[in-house]
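Before any questions on binding or motion, here is one chain by itself as structure tokens, the form predicted alone.
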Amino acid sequence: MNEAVVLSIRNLTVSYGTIKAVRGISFDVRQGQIAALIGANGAGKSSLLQAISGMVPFDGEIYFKGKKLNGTRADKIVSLGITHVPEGRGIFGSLTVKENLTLGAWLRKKDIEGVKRDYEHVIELFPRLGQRIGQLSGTLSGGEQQMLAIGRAMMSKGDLMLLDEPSMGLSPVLADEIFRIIEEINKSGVTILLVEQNAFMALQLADYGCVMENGEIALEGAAAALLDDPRVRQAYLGV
């Protein structure tokens, strides 16, 4: 793939006291890709996303579009074009659906027309949110809350979206819908780094994949090749 590198991770380590959650990993995500990170609980996947979005300190180097992110505040990282949909969704339950979406565009105060277009696009992509636009977000179903979390991230108009376990706790039907929407977002030009325990669905959707074990990258390569790798199939696909 000849597309430019959007995200470059170099020798990244994330530590919590004496515990190393991520151990010196390096990889690149290219423009337009869906890159999937798979692995067991505790492999370091969420810590990696949190480091990229400026939420935890790290050693090593992270570059976004060639710009070094080391020491950059989380709000500045959002303004550069990185959005993060965290595990557990992180919506504001005491605010309405509309208020949550509006907060997603907080840094775009001067782009009134663009925000309006993106708001309409989110509602088009997630009709259920349109039906519940004035409803308190804490009263939504799990699937609807996940849609809102993704929709809110879309409102910041980022070029790279970090998704942490988007199908967690969802029924198979809703998980399929979320993955279909992720594919639509990617087709609109957004590069996606996806952390997902459903390895089969993640690798089916992705262009590139990394298998993380104990904070390190055990395997990486084309997602289709990982799907056919006997080690991945035995450990993560149950076949």
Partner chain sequence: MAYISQQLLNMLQLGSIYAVIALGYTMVYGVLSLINFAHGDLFMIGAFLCFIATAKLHLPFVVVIVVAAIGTAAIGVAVERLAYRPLRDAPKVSAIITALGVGVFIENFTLALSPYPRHVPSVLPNVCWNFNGLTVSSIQAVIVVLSVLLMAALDFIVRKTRFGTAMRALEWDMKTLPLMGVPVNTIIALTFAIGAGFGGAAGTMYAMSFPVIDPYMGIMIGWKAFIAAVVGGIGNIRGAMLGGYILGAVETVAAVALPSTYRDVIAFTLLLILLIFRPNGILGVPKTLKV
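Positions refer to the first chain, counted from 1. Everything numeric here is computed off the predicted structure, so don't read it as measured data.
Just so you know, the form predicted together with the partner chain exists too; it's not on screen, but the next bit is about it.
Interface segment, criterion being heavy atoms within 4.5 Å of the partner chain in the predicted complex, picked from 167 to 175, 29 to 37, 180 to 188, 66 to 74: It is 66 to 74 that comes within 4.5 Å of the partner.
Leu140, heavy atom within 4.5 angstroms of the partner chain in the predicted complex: Taking the distances in the predicted complex, the answer for Leu140 is no, it never comes within 4.5 Å of the partner chain.
In the predicted complex, Gly151 touching the partner chain (heavy atom, 4.5 Å): It does not: once the partner chain is placed as it appears in the predicted complex, Gly151 has no heavy atom within 4.5 Å of it.
is_contact(Gly158, the partner chain) in the predicted complex, heavy atom dist at most 4.5 Å: No.
4.5 Å heavy atom contact, Gly130 and the partner chain in the predicted complex: Contact check for Gly130: no, nothing within 4.5 Å of the partner chain in the predicted complex.
Residues of stretch 99 to 129 in contact with the partner chain in the predicted complex (4.5 Å, non-hydrogen atom): In sequence order, Glu99, Leu103, Gly104, Trp106, Leu107, Lys109 come within 4.5 Å of the partner.
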